[in-house]
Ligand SMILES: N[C@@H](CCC(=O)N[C@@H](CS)C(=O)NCC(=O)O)C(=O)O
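Starting off, we have a lone chain in the form predicted on its own, written out as structure tokens.
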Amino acid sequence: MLTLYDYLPSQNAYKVRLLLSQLKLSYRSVYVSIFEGEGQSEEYLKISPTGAVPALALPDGRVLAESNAILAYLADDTQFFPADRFKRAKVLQWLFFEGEQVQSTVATLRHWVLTGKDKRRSSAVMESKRAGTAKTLGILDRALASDTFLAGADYTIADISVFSYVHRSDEAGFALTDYPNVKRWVEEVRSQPDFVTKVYPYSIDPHSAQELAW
């Protein structure tokens, strides 16, 4: 059976949970207390080189880290990752965008706000993150003006990946009503079969206000 190394409030872990649900794949969960330092344990660093979640252990013992790599592995030979060379590259384009743009803006800003770390950041740093988040959402809104989903007409792991943090943008202080194409797309993703509605707040972890020691 697949084993998912998980931290419930992580939307990176959520994106893998969502795909596992939509693929109807069984798995077991191992929860990693990342803010208590478990991610930096010698044992876990053998599983995930950065100490981050999620990580996925295959039944044969091999392991994968990094959420987008896990999505690509699980979705191979399925409708969520097209076989056509160009369409596949378009999916990868948005996976790279998520890793570079979404993670450094929407995801980071949301994390800081929800855990109170925003109070420990300078006004210049906070303004930079807000400007970056606005830019990221603007890029997505323009891209989604002409396509139902990010890589075209079909729902793929590109949507799962980008959706995971973007649909929680209100928690970073950005209302999706200001980005109507993104808002429409969020509802399209939510309407997909076997969608996972449950997300977990950082407040379930009393240690989440700590800074991560990477």
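Numbers follow the displayed sequence, beginning with 1. None of the values given here were measured: they were computed from a predicted structure.
The same protein also has a form predicted together with this ligand, omitted here; what follows describes it.
*Asks:* If you check in the model of the complex, is residue 66 within 4.5 Å of this ligand, heavy atoms only?
*Replies:* Looking in the model of the complex, residue contacts with this ligand include residue 66, since a heavy atom lies within 4.5 Å.
*Asks:* Does any heavy atom of residue 181 come within 4.5 Å of a heavy atom of this ligand in the model of the complex?
*Replies:* Judged by the heavy-atom cut-off of 4.5 Å, residue 181 is well away from this ligand in the model of the complex.
*Asks:* So in the model of the complex, does residue 165 come within 4.5 Å of this ligand, heavy atom to heavy atom?
*Replies:* Flag for residue 165 set to yes.
*Asks:* Is residue 41 part of the interface with this ligand in the model of the complex - any heavy atom within 4.5 Å?
*Replies:* No, residue 41 stays farther than 4.5 Å from this ligand in the model of the complex.
*Asks:* May I ask you to choose, among 52, 176, 186, 47, the residue with a heavy atom within 4.5 Å of this ligand in the model of the complex?
*Replies:* The residue in contact is 52.
*Asks:* Out of the stretches listed (144-152, 66-74, 167-175, 22-30), which one is close to this ligand in the model of the complex, meaning heavy atoms within 4.5 Å?
*Replies:* Of the options, only 66-74 has residues within 4.5 Å of the partner.
*Asks:* Which residues within 77-108 place at least one heavy atom within 4.5 Å of this ligand in the model of the complex?
*Replies:* The stretch touches the partner through 103 alone.
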